[in-house]
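So this first bit is one chain, no partners, the form predicted alone, shown in structure tokens.
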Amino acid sequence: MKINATNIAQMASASDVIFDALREAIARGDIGEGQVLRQDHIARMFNVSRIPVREALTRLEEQGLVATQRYRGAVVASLSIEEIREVFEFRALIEPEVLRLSIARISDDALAEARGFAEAFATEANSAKWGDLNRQFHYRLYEEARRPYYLQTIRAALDRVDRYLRAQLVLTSGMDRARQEHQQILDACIARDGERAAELTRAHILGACDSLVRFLETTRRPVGA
């Protein structure tokens, strides 16, 4: 099991550290869907008792990243195509509105930082970094909406589909489209055109959904079908 583990026996927030490490490993695809998450094994990795591990797994289950199965225990959850569509539809509703609110007060510094993330995303050769750079670009544009609950909800939605979206960027032509659309969104934000930026963001999310669903329908098709 590939997880960035550390000795946290003396830390008060052990469950938080384990939660973050497992969530990131799931998002990156380092722990595949259906893989069993054994409490005793994880506890040994982090040098803790099973209590903070159990707490972390409970939080992951609440976010839909882990499911409890009879006789197997906690496993990495998989999403159906219908569930993936629903998450993207939700994102397409909330993220454009958050961006519209943010543009009303966005600073030049925030735009400069977002531009930096967009450029890094467009030029990064290491595909393992694309998912994080994509998030950082969008988050930086959203942050000045000053809606922490909205941002927390967006993050939870992204966590549920991140491993699929990362695979789609790597294994399809999604990167080329994402680069172009990021630049269009950024240009609208620089012009302080909230309506256009929101429309572009909505189209960007739904376009990524369509691409991802087509990819999954192909890769999930049974052999010989």
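All residue numbers refer to positions in the sequence shown, first residue = 1. As the structure is a computational prediction, the values presented were derived from the model and not from experiment.
Just so it is clear, the following notes concern the form predicted in complex with the DNA, a form of the same protein that is not shown.
Candidate spot Leu37, Pro52 and Gly73, all three touching the DNA in the predicted complex (heavy atom, 4.5 Å): Every residue of the candidate spot has a heavy atom within 4.5 Å of the DNA in the predicted complex.
Heavy atom within 4.5 Å of the DNA in the predicted complex - residue from Ala25, Cys209, Ala14, Leu216: Exactly one residue meets the criterion: Ala14.
Residue (of Val48, Ala167, Leu60, Ala188) lying close to the DNA in the predicted complex, criterion heavy atoms within 4.5 Å: None of the other options qualify; the answer is Val48.
Heavy atom contact within 4.5 Å of the DNA in the predicted complex, the stretch among 38-46, 195-203, 170-178, 156-164: Result of the contact check: 38-46.
Partner proximity in the predicted complex: Gln183 to the DNA, non-hydrogen atom cutoff 4.5 Å: Because no heavy atom of Gln183 falls inside 4.5 Å of the DNA in the predicted complex, the answer is no.
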